[in-house]
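Presented below, as structure tokens, is a lone chain in the form predicted on its own.
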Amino acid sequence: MAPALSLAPGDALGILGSGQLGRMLAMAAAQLGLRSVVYAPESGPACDVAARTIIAPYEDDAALAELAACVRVVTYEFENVPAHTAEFLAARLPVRPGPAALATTQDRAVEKRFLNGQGIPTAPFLEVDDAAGLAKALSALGRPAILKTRRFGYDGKGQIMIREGMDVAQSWAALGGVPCILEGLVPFTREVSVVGARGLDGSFAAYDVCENAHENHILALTTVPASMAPDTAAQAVAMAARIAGALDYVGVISVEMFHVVDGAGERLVVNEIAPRVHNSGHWTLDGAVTSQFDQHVRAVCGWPLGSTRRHGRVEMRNLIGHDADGWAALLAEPGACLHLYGKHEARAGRKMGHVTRIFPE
């Protein structure tokens, strides 16, 4: 029997966060006949397309209660939503994905322990709470190794590579002396990701595995499908489905992985979980039957998931900083699908938009 639908066209969806992911979620919701209410501490690209905006701190209970009163379900565009915010809202209406999934993915140590508990391999890691602990962890894992803050890291922020000869105390201080993990290096061939969605009824649908290339720790290019054996790709999707099921997850989830190819064959090592729509899934806006944003809205509303079929071989390139200044040439390029995020100032390292190109198989 199909699950009861939570929302109907005309209802309102709450979105925590006002960035470009919230913008694309609100646009997808509008296409499906839903209104979006964006809640964030500051105005951003999502506010330009939402039916309503509430600008208030995430700790403002009165403003959060106002949000809860005017929407049917709440979701979020980024994983650093404060735990209090998610719990306050969850006591009043559905929050999808749920606060437990959010808490697991907000802390790198908690996330890795969860993954290992599911029998899913990760990079070797040790928790580090001070400079002495870092020295001990380096002795165990060796150099080079990557020191990462346990919380609030993205796009290369909150991490540092510790190489031979680098001072331990200085490396520890460079990340602010906050709780960290030290990761051993994985000799990967390529970085890949699985973007998939789990519905309210437990159904799971994944897009083809993406291959991702980074520049200065920021995703630059995604190509689909990834270069790997079909069996390995199937294993990647199965890992993502297992993770989503174990988290009792509802919505789009992205699982970043290292694809290792060596004398023993191919294997996968999970790097991170993103409990939201993901940059490596932007190609789906033009390259798949159902975009990841449509899929997320469907999932959190309790609606049937859509087809993840690709329209061809796809490349998606991020427009970072002043790359977006070439918008006119991209518009003139036959077959190029341009998306600009409505940000008013181009800065180094800032994602201003992306362009997708679709090729025959």
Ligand code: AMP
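A residue's number is simply how far along the shown sequence it sits, counting from 1. Computed from a predicted model, the values in this text were never measured in an experiment.
Omitted here: the form predicted in complex with adenosine monophosphate (AMP). The next part is about that form.
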{"property": "Whether Thr223, Arg317 and Arg357 all lie within 4.5 angstroms of adenosine monophosphate (AMP) in the predicted bound form by heavy atom", "result": "no"}
{"property": "Position in contact with adenosine monophosphate (AMP) when the complex is considered in the predicted bound form, options Asp208, Glu211, Glu272, Glu79, heavy atoms within 4.5 Å", "result": "Glu272"}
{"property": "Interface residue in the predicted bound form among Gly184, Gly245, Pro99, Pro121, criterion: non-hydrogen atom within 4.5 angstroms of adenosine monophosphate (AMP)", "result": "Gly184"}
{"property": "Among 91-99, 184-192, 165-173, 227-235, the region lying within 4.5 Å of adenosine monophosphate (AMP) in the predicted bound form by heavy atom distance", "result": "184-192"}
{"property": "Interface membership of Glu127, adenosine monophosphate (AMP) in the predicted bound form, 4.5 Å heavy atom rule", "result": "no"}
{"property": "Partner proximity in the predicted bound form: Asn116 to adenosine monophosphate (AMP), non-hydrogen atom cutoff 4.5 Å", "result": "no"}
{"property": "Contact flag, Thr290 vs adenosine monophosphate (AMP) in the predicted bound form, heavy atom cut 4.5 Å", "result": "no"}
{"property": "Distance check, Arg150 to adenosine monophosphate (AMP) in the predicted bound form, heavy atom within 4.5 Å", "result": "no"}
{"property": "Within 242-266, the residues that have a heavy atom no more than 4.5 Å from adenosine monophosphate (AMP) in the predicted bound form", "result": "Glu256, Phe258"}
